[in-house]
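Quick heads-up: it's one chain on its own, the form predicted on its own, in structure tokens.
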């Protein structure tokens, strides 16, 4: 097996941000912007006697994805939980603005956001919050210009806080079983509402509520893939080749209508199993324990059923 094939067969969950980028893009096509050799590091972490990273936990650059020109940003969830800080946030914002401005020499045809984040870095809260808002604005501008922005979530940190909002703002979201998205993380909910509302130590509960299977079944994600870099690559290639829907008021109103209907249908559910039962899934309690093959077969059957409608 070649080095590229081996990389693409690797687990997305276990891979570093750089390994994900290397396996996702066409071999040898990645050109990094503001790489670690330039040592653009957070000026704040040293004040808290915390370790710093030469790339501040974010890899940004350009490359080819199945021959399509893309800009890509990948968060390193193993550094400070992939959090948004002054430098890491600015790198993503700068990348998105360059894509918006069709920066030479290789203007992109799509943007990939490899999200792996717990949200804003508490030590740089104001800068992190500002970065999240600027990222959301830049995504809206890109979508209005007709450029697809694709989020990929399958890392250990998931996409929580501002990262969860960013994922929801993208043109499409690709997620694996290990991916999790939410605005508020389990610990945050428990801290503010109590363990009776959400037991953050109940890992099965956490995955049932925020995990990839729930997100795809509820319509909050667009593609469900196996935990392989190659699977994320295939999904990204397919989505990057589609013409995105127009980002206009009609699109936003349609999305709002779907959200209202989802809330009315599922608002009283206390667990994902209740949601799945209400959606007509037989034996909903078995969904978390299904093998990947069985769950993908379930998705295919549901898709075929909806097509017949």
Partner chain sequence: MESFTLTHPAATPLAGAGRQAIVGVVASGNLEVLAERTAQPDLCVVEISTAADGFGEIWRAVILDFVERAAPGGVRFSINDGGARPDTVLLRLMQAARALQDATN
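Numbering follows the first chain given and starts at 1. Note that the structure is predicted; figures quoted are calculated from it, not measured.
A second form of this protein, the form predicted in complex with its partner chain, is not displayed here; the remarks below concern that form.
Not displayed here, its partner chain is approached by residue 76 to within 4.5 Å at the level of heavy atoms in the predicted complex. Not displayed here, its partner chain is kept clear of residue 283 by more than 4.5 Å at the level of heavy atoms in the predicted complex. Proximity of residue 277 to its partner chain in the predicted complex: non-hydrogen atoms within 4.5 Å are absent; the residue sits far from the partner. Under a 4.5 angstroms non-hydrogen atom cutoff, its partner chain in the predicted complex has residue 36 among its neighbouring residues. Scanning 50-88 for heavy atoms within 4.5 Å of its partner chain in the predicted complex gives 50, 51, 52, 53, 54, 76, 78, 79 in sequence order.
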